[in-house]
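Here we start with a single chain on its own, the form predicted on its own, put down as structure tokens.
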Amino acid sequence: MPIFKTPFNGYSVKFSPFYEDRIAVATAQNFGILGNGRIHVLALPPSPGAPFPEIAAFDTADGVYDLAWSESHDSLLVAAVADGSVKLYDSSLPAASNPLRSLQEHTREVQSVDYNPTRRDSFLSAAWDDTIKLWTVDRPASVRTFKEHAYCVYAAAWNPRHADVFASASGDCTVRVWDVREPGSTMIIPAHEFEILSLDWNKYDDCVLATASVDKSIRVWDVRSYRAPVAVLNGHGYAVRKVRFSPHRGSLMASCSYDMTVCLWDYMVEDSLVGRYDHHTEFAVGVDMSVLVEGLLASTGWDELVYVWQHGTDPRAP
């Protein structure tokens, strides 16, 4: 399956919700510590062994840690940048016309962005300044700032069914569930004893979410009764950097880790680890599952490589 070499270290990869052969990749120079960033918009090669056609590339003065496709406009992207900005790009326009907007409110690195899948006009940013911000595409300033976490917020994710509900994961070892109509968080889950680096909602059960932590585990929670996790998934050797629920199967999820592997899990079965891929040679920090092609996976990492492959095949195979 196809492999793309990035000039910088990969941080995030996302499949387009509109085109089954399109992905976007966020990268950062020098492992994101200091230096430039670049966003790549790529088409999947038309035949095995062919190179990735690059649709667009946008350079930034600072590393790009995450990106999200718009759910309403097929060429629009939101990027989380290390200088604290959130930038909007249109991949159908030349580089000179981009970014369309640079939203500079966070005072520390922006770690995560997530586009609202139901309302489709708003998105979240989560940052190292301990806050989450809510934005709409047409406003130059944030709609609201959510500040309750006591340490860096590494991820924020919209609920797939409820347009006003999202969850956030923080280095303070908690997950908070929020309703934008309420003044504060509606739920606090002490999900891990160590920093929580990622979370995602189940796409088929809007009460279930998964968290990924420095403690090497993934935990699955039901927000209706969160005193104990529904499942604890052990198998990674180091911190779990990202977790993503399948858009096609309710109990399936993918994760990637500083142990350089991408794992597939089914939390409803006893032997929950259903796939392990060790194609990366450095930290694996970005993973995604295509919403348009069942079983199609993408990953990126600090080895400056992007892989796209079908579950059950070798990511390195031509």
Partner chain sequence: MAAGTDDKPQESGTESAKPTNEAPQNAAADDVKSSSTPSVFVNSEPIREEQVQNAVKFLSHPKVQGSPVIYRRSFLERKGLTKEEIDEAFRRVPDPAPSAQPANVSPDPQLKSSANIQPQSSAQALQPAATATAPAGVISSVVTMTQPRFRWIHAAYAVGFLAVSGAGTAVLLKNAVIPRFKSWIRKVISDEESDVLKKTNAGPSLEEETAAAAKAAAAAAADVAKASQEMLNSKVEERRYFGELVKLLDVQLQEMKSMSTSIRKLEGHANTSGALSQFNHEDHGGLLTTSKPYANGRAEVDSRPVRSSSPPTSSEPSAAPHPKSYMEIMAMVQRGERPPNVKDINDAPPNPHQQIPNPRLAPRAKPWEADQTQNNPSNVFQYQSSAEAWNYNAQDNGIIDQSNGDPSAPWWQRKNVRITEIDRDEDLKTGAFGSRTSDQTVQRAWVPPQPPPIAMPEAAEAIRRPKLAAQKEQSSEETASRSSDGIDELQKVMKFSESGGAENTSEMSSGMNSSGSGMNSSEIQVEQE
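None of these values were measured; they are calculated from a predicted model. Positions refer to the first chain, counted from 1.
Absent from the display: the form predicted in complex with its partner chain. The rest refers to it.
When its partner chain is considered in the predicted complex, D90 lines it closely, a heavy atom lying within 4.5 Å. Although the partner is absent here, L233 sits close enough that one of its heavy atoms falls within 4.5 Å of its partner chain in the predicted complex. When its partner chain is considered in the predicted complex, P2 lines it closely, a heavy atom lying within 4.5 Å. Among heavy atoms of D266, some come within 4.5 Å of its partner chain in the predicted complex. Residues D90, S92, L93, A96, S97, N98, P99, L100, R101, S102, P117, T118, R120 of 89-127 are found to place at least one heavy atom within 4.5 Å of its partner chain in the predicted complex.
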